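First come two forms of one protein chain, each written alone as structure tokens, so that there is a structure 1 and a structure 2.
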Structure 1
Amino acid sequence: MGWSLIRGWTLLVYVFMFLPVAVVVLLSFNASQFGSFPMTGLSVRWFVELAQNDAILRAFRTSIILGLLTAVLSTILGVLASLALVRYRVPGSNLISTLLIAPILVPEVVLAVALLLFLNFLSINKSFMLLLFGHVIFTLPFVVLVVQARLIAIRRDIEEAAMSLGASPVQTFFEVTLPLMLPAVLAGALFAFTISFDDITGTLFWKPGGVETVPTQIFAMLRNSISPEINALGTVMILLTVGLPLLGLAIARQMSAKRGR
């Protein structure tokens, strides 16, 4: 009886959390321009208008470029930091690990305001590079945690065996260590991209004038009116942010299965 109540309550919580998302997806196919029930019919009209909206297309390009750059930089820095902390004896490694993970522990709005005030103190104006820098700071801890967990599971003697057979440390990393930790690296990169693509709190503080990402564009559109295009844009965002991690998980499993054979 107790477990039945827990399962029922869990189901209600999930319904409460995801029902608004389902409503947004459903209304994005509503033929009427008024987002209300009952729906007058099904149509992809709002997706067509979305594809013809120049402001939204610019925001998409900005978000994709920003997300890719964030993923590349966060992944490179995260892999290097994880290697240093796991494979080598670095003085103050515990303090460094705490500092790397600190952005997860600090509320994002506090981090955004602190970074903005610090750069204003240094007389550095808002720019795309500042926006990229802030996104890297916020996404780097996720990459470090994922890669570190995988790197700890890789036996050190495998790398030592490769070096004992004549491989240099660089060759050992690219031919032994990196292939073994590649699923975690890809997972960290996908985490960084999706977090950067979805971020709005820090982006509102760090973005320069005239630069909009998809979340800030949605926010700007909501301040004026609730357009059906917002529902279509929300559906696209949901597909990207849910589909990419699932795709990454499928690729990681396939790679692990091939390596197991």
Structure 2
Amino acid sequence: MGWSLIRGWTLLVYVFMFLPVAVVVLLSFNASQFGSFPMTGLSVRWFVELAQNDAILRAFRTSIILGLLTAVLSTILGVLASLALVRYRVPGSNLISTLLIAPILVPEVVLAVALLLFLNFLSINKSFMLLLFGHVIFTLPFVVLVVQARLIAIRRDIEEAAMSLGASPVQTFFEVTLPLMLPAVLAGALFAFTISFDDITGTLFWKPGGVETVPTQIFAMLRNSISPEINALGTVMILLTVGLPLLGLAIARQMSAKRGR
């Protein structure tokens, strides 16, 4: 009896998690000109309108460029730091780990205010650069956590074998360590991209006037009322933010499967 109760409860929890998201997708195909029930028929007109909306396209471009740059910078910083922590005995490594994840321990609003005010003091105003700095700093801890977890799993003796067979440290890094690390690096980069792409809490503080990312664009559109376009945009976002990690997962699987052979 107890077990079926738990199962039923879990099912309800999953429904709770999925239902609102599913309704967004459903309503984005609604032919009605209001973004709500009742459904008057199926249509893709809102997606067509989306593709013709300059503001939304601009927001997409901004978000993608910002996400890519964030992913690159954050991954470089994160991978180097993780290498140091996993591969070397560093005095005070516990403290360093805590410092590296400090940006997620500080509430994002506080981080946003501090960075905005400090960089403004240094005459760096609200700009794309400020956005990029902000996104790098709060995605860094996630990259460090993900990359570190995977680096630990790479066995040191493979590198030692390469060196004992005559490879130089540099050769060993590029021919052995880097290929083995690649899934970890990609996972970190993907994570950073997704988090950056999704962010609104910090972004609203940092973005210059007139520049919108996809989440802030949605937020601005919500101020009026919920339009079918928002649901369509939501559907595209869902496809992107869910599809990308799934793709990443599949690639990582494939890569590790290949290595397993």
Partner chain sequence: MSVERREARQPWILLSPALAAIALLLFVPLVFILIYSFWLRTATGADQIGFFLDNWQEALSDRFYRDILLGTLKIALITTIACALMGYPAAYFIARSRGNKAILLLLLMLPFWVSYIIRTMSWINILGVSGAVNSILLSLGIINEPIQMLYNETTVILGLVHFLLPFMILNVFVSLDGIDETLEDASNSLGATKWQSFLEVTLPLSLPGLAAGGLLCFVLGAGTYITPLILGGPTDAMFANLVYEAIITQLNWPLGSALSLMLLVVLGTLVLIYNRYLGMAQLMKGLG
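Counting starts at 1 with the first residue of structure 1 and goes up one by one along its sequence. Here, rigid core means the biggest group of C-alpha atoms that superpose within 1.5 Å across both forms. Quick caveat, the model's predicted, so the values are computed rather than measured.
message: Please identify the form predicted alone: structure 1 or structure 2?
response: The chain shown as structure 1 is the form predicted alone.
task: Using a rigid core alignment, state whether the CA of Leu186 is displaced by 2 Å or more between the two structures.
output: No, its C-alpha moves less than 2 Å.
task: Spell out whether the Cα of Asn120 moves at least 2 Å between the two structures when the two forms are superposed on their rigid core.
output: Comparing the forms between the two structures, which are aligned on their rigid core, Asn120 does shift its C-alpha by 2 Å or more.
Large Cα shift (2 Å or above) at Thr98 between the two structures, core-fitted: No, Thr98 moves less than 2 Å.
- request: Can you read me the CA shift for Pro107 between the two structures, rigid core superposed, in Å?
  value: Rounded to one decimal, the shift is 2.4 Å.
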